[in-house]
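Okay, here we've got a single chain as structure tokens, the form predicted alone, with questions on binding and movement later.
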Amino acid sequence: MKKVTKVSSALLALTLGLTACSQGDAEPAKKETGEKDTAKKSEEVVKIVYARGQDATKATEKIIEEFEKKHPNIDVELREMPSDTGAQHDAYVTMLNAQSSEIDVMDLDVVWPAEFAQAGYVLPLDRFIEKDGIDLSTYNQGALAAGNFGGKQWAMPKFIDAGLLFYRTDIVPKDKVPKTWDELLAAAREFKGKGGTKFGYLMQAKQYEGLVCNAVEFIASYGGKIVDENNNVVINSPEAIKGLKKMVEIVKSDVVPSNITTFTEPESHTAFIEGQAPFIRNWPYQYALANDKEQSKIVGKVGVAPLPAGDAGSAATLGGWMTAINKYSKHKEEAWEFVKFMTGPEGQKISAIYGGLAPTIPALFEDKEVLEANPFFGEKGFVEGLNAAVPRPVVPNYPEVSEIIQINVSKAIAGEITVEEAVANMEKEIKAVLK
């Protein structure tokens, strides 16, 4: 558990009304007691626990710091969850199945809100939204919709993600930035070892949710899908097979680390900011991290482009995170104040400036400070990359589908089964769980 430095407590600005006093000589004494009780109550600080995955940037720390300045009666304690999103999901489910109130606010991957709402883990936010007059039309509607289930809003969008290609501008000339996966392989081999690098390309290939994101990008870039808009399982297609074969080819090549199947986001982004590769597939936060002078060895040397294309063009997995309130929280009002701040314009601006996270409030893409911290938000490569975003399978029992994909893609990478066998297995197993 990580405790963020807290701002010193201060009295609440709001003064609670005194209770009515009885008549007679005892009135002054009772009023004095009421004043003391009110003062004591106003000094009380409520602690809420905010759970999220590892944050390698300073964004979360800054959000908590600024929130506590505005709300001195609310103390926010940060609880770091596993960086592996699957492990994080399972930890939440274990906790919430037990109706635990140990956390109050939690970050959810965009594919979780429907599941958590249906299971009764999270609190509907509609009454808070209505009470505080939150204008939902100011949000990216796709991101907002990810937190809506059964006509209710269960989570607020915190930031939007899409897979992007980052490259070393001091090693890779602009005209050599790869536009296809074959060009990526060639460029990764050409520039591997240049500028002190050890590898040619970095990605996420461990058996976890990040592997699904990478797989979706390869499949979609060759024209394939896993589940179509009508909930039909269509993974067993020539296009999907071709995309996965290209992925396996890259994962098993000499341009990636030999232990690439142990890499999640932290392992890959750490290797990149330490100057170990000219190319990396990662989410938008990579840019801010690469330009953090306290951590990065490649400050000012990073460019961004859409992911390489297959036969059908470039495709980026649509990602992002939402924030929700634990249904069993004992401090729901205070939890909402934190959710409102963090997912509102001020919190999202901090996330963008200090964390390199793409806002779900479109107006922030025109904010001068946001663009100064993230000039690539205004770059053609970023915009094109975001526009190439495709969703993961939109199904109610997504974790089961994700696990099937993870297992079979991992087996294909390990050579235990062929890609053809992997997609046949996925077709059969996904159809079974969707029934």
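In this text, residue numbers run from 1 along the sequence as written. Note that the structure is predicted; figures quoted are calculated from it, not measured.
Same protein, other form: the form predicted together with alpha-D-glucopyranose, not shown, and the subject of what follows.
Asker: Although alpha-D-glucopyranose is absent from this view, report whether residue 85 comes within 4.5 Å of it in the model of the complex, heavy atoms only.
Answerer: Yes, residue 85 sits close enough to alpha-D-glucopyranose in the model of the complex that at least one of its heavy atoms falls within 4.5 Å.
Asker: Is residue 166 near alpha-D-glucopyranose? Define near as a heavy atom within 4.5 Å, in the model of the complex.
Answerer: No - in the model of the complex, heavy atoms of residue 166 and alpha-D-glucopyranose never come within 4.5 Å of each other.
Asker: Taking alpha-D-glucopyranose as it sits in the model of the complex, is residue 109 near enough to touch it, meaning that at least one heavy atom pair lies within 4.5 angstroms?
Answerer: Residue 109: yes, in contact with alpha-D-glucopyranose in the model of the complex.
Asker: Hey, in the model of the complex, is residue 310 touching alpha-D-glucopyranose, heavy atoms inside 4.5 Å?
Answerer: Result no; residue 310 lies far from alpha-D-glucopyranose in the model of the complex.
Asker: State the residue from 201, 222, 283, 154 whose non-hydrogen atoms include one within 4.5 Å of alpha-D-glucopyranose in the model of the complex.
Answerer: Result of the distance check: 283.
Asker: Considering alpha-D-glucopyranose in the model of the complex, which of 298, 213, 184, 305 comes within 4.5 Å of it through any heavy atom?
Answerer: Filtering the options by heavy-atom distance leaves 213.
Asker: Is it true that 161, 208 and 321, all three, sit within 4.5 Å of alpha-D-glucopyranose in the model of the complex, judged by heavy atoms?
Answerer: Yes, the whole candidate spot contacts alpha-D-glucopyranose.
Asker: Only one of these stretches, 233 to 241, 313 to 321, 169 to 177, 246 to 254, has heavy atoms within 4.5 Å of alpha-D-glucopyranose in the model of the complex; which one is it?
Answerer: In the other structure, the partner sits against 313 to 321.
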